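Just the one chain here, laid out as structure tokens, in the form predicted alone.
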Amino acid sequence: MNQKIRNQFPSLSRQHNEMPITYLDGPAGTQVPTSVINAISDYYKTSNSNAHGHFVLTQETDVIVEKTRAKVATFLGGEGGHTISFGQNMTTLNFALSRAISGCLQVGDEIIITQLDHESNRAPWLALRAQGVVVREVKLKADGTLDYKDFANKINEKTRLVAMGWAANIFGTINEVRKIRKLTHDVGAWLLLDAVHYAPHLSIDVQAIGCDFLLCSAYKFYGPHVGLLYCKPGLLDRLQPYRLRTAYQHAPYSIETGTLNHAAIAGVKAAVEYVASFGKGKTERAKIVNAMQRIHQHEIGLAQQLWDGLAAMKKVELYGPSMNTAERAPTLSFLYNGKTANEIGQYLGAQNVCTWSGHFYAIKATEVLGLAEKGGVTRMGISVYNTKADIDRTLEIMERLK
């Protein structure tokens, strides 16, 4: 990835205190390219209106929303726009989905979650214990991976749903979802995937995986803050989400509450198109798959450089699978002996290196691994616009740390 790409992101030219800014905060949200900014701005300039009316602005809004549904379905390998719902964010959508699914559950039915997951894919399901649903947690191992023997032991004929992340936002771990899909098929359980941290780095094919539900967030892959929900065709219509009687009572609309953020949705369409622009192929889907392969190759190379540089520092302890793992997200977390994660974050922030410290809402994982009492970890992540110079600068700053 070259300077031409960086020029597409206006924020990357910013300086603070006469120093450049190094953006390694992508796991919490990426920067946004000009094409996405323009799509949002253009909507406000030309088509700002509520939906489903009889005049040109509202008709244009309807077209934008439905085209974005189709675009997101292409991005996820889905069957069409009728499988894609929008929400304020992933967490809000997942709470709505958990309430809807709860209507299909009986006392004693079981749901499986994991100790590695973001709280947005734990809390909505843990809340169902109040109505007699049994929620089991798959154990997290010390190396930042799930215990798949424990996973297999917990899935049984009472399991109705497995809710798990595809990639861990705290350690970059890629979970073995294909193995779990087979186990859920064997007992007739649904599989829900949190792909928020996976979607920016590797291509998704919901049909090939065979998941029933998948959630992600556009602001993690160069778009605005919009939550995205894929539901297998016909599945959402079997559920009863909380909704107004004046709303459309069928998929994909039945889980969407109130007026959508139409301008942001226009930005989501542009974000998918931006990702596709990196790829080659005869169809947009082929371009997206190829683009994600190229993006991941770029990102994982820089992540390896960052990992190796930090690993060479005597006071640094890295967490999660090594970068030599067959499949991994370009995200790494570490502690620095003698400093808290917050102190490292403050030190790097003063040098305009954007990182995060804490638990990143994967609080259960930090508790299990004994990291919570240490204030969590410092996290760095690679995005498409990062360069070798970013890594060199970050490592040089870390080497100066006393």
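All residue numbers are counted from 1 along the displayed sequence. Computed from a predicted model, the values in this text were never measured in an experiment.
Form predicted in complex with a small molecule: not shown, discussed below.
Exactly one listed residue, out of 162, 214, 329, 196, brings a non-hydrogen atom to within 4.5 Å of the small molecule in the predicted bound form: 196. Proximity to the small molecule in the predicted bound form, defined as a heavy atom within 4.5 Å, singles out one entry of 290, 257, 115, 89, which is 89. Contact annotation for the candidate site: 173, 320 and 378 all lie away from the small molecule in the predicted bound form (no heavy atom within 4.5 Å).
None of 118 to 126, 306 to 314, 272 to 280, 152 to 160 except one has non-hydrogen atoms within 4.5 angstroms of the small molecule in the predicted bound form; the exception is 118 to 126. Within this chain, residue 219 lines the site of the small molecule in the predicted bound form, having a heavy atom no more than 4.5 Å away.
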